[in-house]
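Presented below, as C-alpha cells, is a lone chain in the form predicted on its own.
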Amino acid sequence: MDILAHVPILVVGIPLLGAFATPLIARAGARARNWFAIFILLLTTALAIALAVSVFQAGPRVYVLGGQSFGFTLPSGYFFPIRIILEADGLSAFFVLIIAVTTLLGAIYSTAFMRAHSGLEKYYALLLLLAAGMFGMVVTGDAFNFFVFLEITSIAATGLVAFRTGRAESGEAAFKMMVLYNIGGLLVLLAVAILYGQYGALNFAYLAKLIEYSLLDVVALALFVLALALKAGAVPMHMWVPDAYPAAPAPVTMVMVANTQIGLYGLYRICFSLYGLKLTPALVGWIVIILGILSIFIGVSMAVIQRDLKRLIAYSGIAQIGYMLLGVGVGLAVLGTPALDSYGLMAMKGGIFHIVNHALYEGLLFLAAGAVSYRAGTRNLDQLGGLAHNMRWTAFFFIIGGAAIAGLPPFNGFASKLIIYESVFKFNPILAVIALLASIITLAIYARAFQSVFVGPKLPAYKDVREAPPSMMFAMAILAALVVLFGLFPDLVVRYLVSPAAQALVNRAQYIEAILGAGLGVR
C-alpha cells in the first residue's frame, strides 16, 4: 500500500487516534505516555512535510473517503452516498507545516514544564486532539466538516487552558473562551446552513462555482468573517486572547498561537476560494484592512501598560495578527485589478510570510516566558530582575524573539514586515506609516521587558535560579534557529513556502478544478 497516497487523511487521523490511545498508553507510566505523544507528533510532522512537498511540486491533492457505492438508502428508495472530501493546496500545506512544528515542539517542552502536574494523560490527549482539529480545518474541502473541526479545536483548546484547575485565572479564561468560541461556532454553523439552504451543497469548490452573491450570501459572508476574526483574536473580537494566553501553560500558549492563525486560514479561504470575484473585493478588503489596523493599534497600545510578561506578549501578538490582516487585506482589496500584479500579490505574500514568522517568534517568546515563570515562580515584571546571570540562554532566546517581533534585521520578522511596508505603502502610505510606528513602539516594549526580567544585579530571591531543563531549552533552540534562518534566507522561504500559498488564494479556479475536474460528482 502506498502510504503517501493517504497522507491527507493520515495527518488528521494519526493524532486523532493518538489522542484516544494516550490514556491507555499512560498506564505504562509517565515516560511511555510522554514518548508516545512525541512519537505521534513526530510521525505526523514527517507526513506533513511529505504532504507539503507533494503539493508544492505537483499541485493540489484531493482525497476522498467513501464514494458513490458507499452510503445508505432512504425510505423513498433514493441512495444517499457518503463522501468526505479532503483537499490540500498550497495554502493548506503551508498551515499544515506550522501546525506540525508547533505541536511537536510544544509536546517536547511539556515533558519538563508539566512534570509536576497530575492527570497528564488528559493533557496530552487534548494536545493531540487540538492538533487533529487544526489539521482537519486546513485540509477539509467541506463546509460542514470545517465547522466540525472548528468545534474540535474549540473544545480541546478550552480544556487545555482550564487544565491547571488550581489557578483561578485558568477557570475564568476558559469560561470566557468557551462562551466566545460557542458564539463563533454557532455563527459558522448558521453561515453554512444559509449556503446549504440556497444551493443544496456543502463542498467548498461546488459552492464556489454556484455562489451568486445574493443578499443571503452577503449575510453568510458577514457571519463567517465575524466568527473567524473572533477565532483569530482580531480587534474588536480579541477580548479572550489576553486572558487565555497567560492562563494556559506556556507550551499550550505556543500551540494556541497556531490555533488562532487557523482562524486566518478560514477567513482567507472563505474570502478568496469560496467567494472570490463574486464579492466586492474592495469593500471586503477594506473591512479586513480596518480589522488589521485596529488590531495593530489596540494590541501595541495595550502591551505598553502590561506588567505581566505573558499578557504583554499576548497583546503584542494581537498587533501581529493585524499585520497579517493588513497584508492580505490589501491583496483582497485590489483583487481583479492590475494593482494585484503590481503590489497586491506582494502584500499578500508579506502577510502570509508573517504568519509563519509570527508562529515562530511568538512561540519562542512564550516558551522563554514559560521558562522564567517555571524557575522564578512569577511573571510580574515588577518582581523580576537580573535573571540573565543564571539563565543566559533563556535571555538570549528572549532577545531573538523580541528583536524578531519588533522587526529588526536579520531576524524573520524584519523580512515579512519589510514586504508589508513596501507593498502597503503603494496602496496607502498612511497605513504603512501606522504599521511602521507600531513596530518602533514594539521595540521599546520588548527592550523594557528584557531590562525588567533579565538585566540588573542578582536579586536575593533568585540567587539560586537555574537554567531551564534540557527539553525546554531544546524547543526554544529550534524555534530560535528557525527565526534566524528565515531571516537570513527570506527569498528561499518566500519562493518555496509563501508563494505557493499566495498563488493558491489568487488562483481560485485551480482550487475548484482540482475537485470538480476529478469527476467525483461532488455536491
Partner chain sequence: MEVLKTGSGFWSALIWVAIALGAFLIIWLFSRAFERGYKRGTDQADPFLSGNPPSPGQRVTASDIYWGFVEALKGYYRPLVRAHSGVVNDYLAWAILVGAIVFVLLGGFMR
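Numbering follows the first chain given and starts at 1. Nothing here was measured: the structure is a model prediction, and the numbers come from that model.
From this point on, the text means the form predicted together with the partner chain, which you will not see here.
Legend entry - Contact label in the model of the complex: residue 297 to the partner chain, heavy atom within 4.5 Å: Flag for residue 297 set to yes.
Legend entry - the partner chain contact at residue 116 in the model of the complex, heavy atom, 4.5 Å: Contact check for residue 116: no, nothing within 4.5 Å of the partner chain in the model of the complex.
Legend entry - Contact flag, residue 489 vs the partner chain in the model of the complex, heavy atom cut 4.5 Å: Residue 489: yes, in contact with the partner chain in the model of the complex.
Inset, instruction - State yes or no: in the model of the complex, is some non-hydrogen atom of residue 437 no more than 4.5 angstroms from a non-hydrogen atom of the partner chain? - result: No.
Inset, instruction - Identify, from the list 334, 356, 415, 85, the residue with a heavy atom within 4.5 Å of the partner chain in the model of the complex. - result: Looking at 334, 356, 415, 85 one by one, just 415 meets the 4.5 Å heavy-atom criterion.
Legend entry - Proximity to the partner chain in the model of the complex (heavy atom, within 4.5 Å), stretch among 103-111, 323-331, 429-437, 302-310: Result of the contact check: 302-310.
Legend entry - the partner chain in the model of the complex reached by all of 179, 284 and 385, non-hydrogen atom within 4.5 Å: Affirmative, all three are within 4.5 Å.
Inset, instruction - Between 408-422 and the partner chain in the model of the complex, list the residues on our side with a heavy atom within 4.5 Å. - result: Counting only heavy atoms within 4.5 Å of the partner chain in the model of the complex, the contacting residues of 408-422 are 409, 410, 414, 415, 418, 419, 422.
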